[in-house]
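The chain below stands alone and is given as structure tokens, in the form predicted on its own.
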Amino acid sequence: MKELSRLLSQIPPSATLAINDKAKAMQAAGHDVIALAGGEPDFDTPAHIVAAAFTAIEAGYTHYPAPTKGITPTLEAIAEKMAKENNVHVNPKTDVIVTPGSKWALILALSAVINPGDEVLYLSPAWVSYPPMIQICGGIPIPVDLDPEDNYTVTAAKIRARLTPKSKAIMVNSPCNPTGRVLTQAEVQAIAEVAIGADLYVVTDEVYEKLRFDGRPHYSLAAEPGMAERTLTTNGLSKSYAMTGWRMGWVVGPTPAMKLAAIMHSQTVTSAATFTMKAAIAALRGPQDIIQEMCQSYQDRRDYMVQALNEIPGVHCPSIDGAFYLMPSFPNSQKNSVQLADALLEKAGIAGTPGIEFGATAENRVRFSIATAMNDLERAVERIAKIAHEL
């Protein structure tokens, strides 16, 4: 048999999904496993969004959408949201694509700006899928390592230190998975300064945008002066609206790049599901109070977990600004993050993701999702307390 794809053979499967699948398999086999590895809200999709989807199906929205990049009302709803909430102004006819999930939105954005051999910087620790996505699109991933001792602060100097003549773009995620950082205005301005000075495109992932704590504001890079023409913004409904299984996201950006993204979209997935586009309108234009309720719940869980974990000898857990992940460290442990995650699963029945999967500066840490019921989080703390001395 002839050789299969060298590219894909070099790319690992998603660590978070693999661990989550393992935890679910153990649960199905009768083991009492607390699954904190995935990133799925434990809330149901709001009822008015579900109702909109059923109404759309009954009305015949089960065929290809026209245009395939999104039905006009959904494109307009996304453009309205971007203008109102993000101060980013785009033409819904030319600058918006509705995608089957925000993951595909990132692929479209990268595909539109990368040529083979281009270097794409990304802030690290980063979501496990960023480097593989860059590679799949022909680019070379270049981490900009951020220091946990400095609260993962982004500076222009740190980004410039990783620039080369091959630098083409930078990926940004705020609120961040896995660190929970929300970029300050000064950090956003620093990224914009480097991007403009080095003529970089920016691909920004804002899927956790609405999950921010303690009243922190969100700053969209595309709204910064001089950034609209070089920024592709991705977002979706999975995290904020508890719609992971709906696979509903979008990418917006400058017209030339979006024309290319639309070609990639049409030649691959064709479109997102038409009835989910109607559900998206209900989400974006309907009541938003449920978002605040879910966000407050995550903030309450954060407050509980950070305090409870820090009370356990040998565990250190920084607080977070947004999203729903914690990354505690185990300063007294001689184990690396893979060994720590294995020990937590085997000894305590807790599934977490090894920090090294997110980047070198997340080593000796384990990422826990707090998007699960409080009683499970309380049980997890009790189990960690019992075995922390063994770690």
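Start at 1 with the first residue shown and count on from there. Since the structure is predicted, the reported quantities are computational estimates derived from the model, not experimental observations.
Keep in mind that the form predicted together with a small molecule is missing from the display, and what follows is about it.
Listed range touching the small molecule, judged in the predicted complex by heavy atoms within 4.5 Å, from 36 to 44, 66 to 74, 331 to 339, 53 to 61: Looking at the other structure, the answer is 36 to 44.
Taking Arg212, Arg302 and Arg365 as a possible spot, do all three reach the small molecule in the predicted complex with a heavy atom inside 4.5 Å? Checked in the predicted complex: no contact with the small molecule for any of the three.
Evaluate Val381 for contact with the small molecule in the predicted complex, applying a 4.5 angstroms cut-off between non-hydrogen atoms, and reply yes or no. No, Val381 stays farther than 4.5 Å from the small molecule in the predicted complex.
Distance check, Thr179 to the small molecule in the predicted complex, heavy atom within 4.5 Å: Close contact is absent here: in the predicted complex, Thr179 is far from the small molecule, nothing within 4.5 Å, heavy atoms only.
Contact flag, Thr372 vs the small molecule in the predicted complex, heavy atom cut 4.5 Å: Thr372: no contact with the small molecule in the predicted complex.
With the cut-off set at 4.5 Å between non-hydrogen atoms, does Ile11 touch the small molecule in the predicted complex? Although the small molecule is absent here, Ile11 would stay clear of it in the predicted complex, with no heavy atoms inside 4.5 Å.
Between the options Tyr201, Trp127, Trp246, Trp104, which residue brings a heavy atom to within 4.5 Å of the small molecule in the predicted complex? Checked against the cut-off, the match is Trp127.
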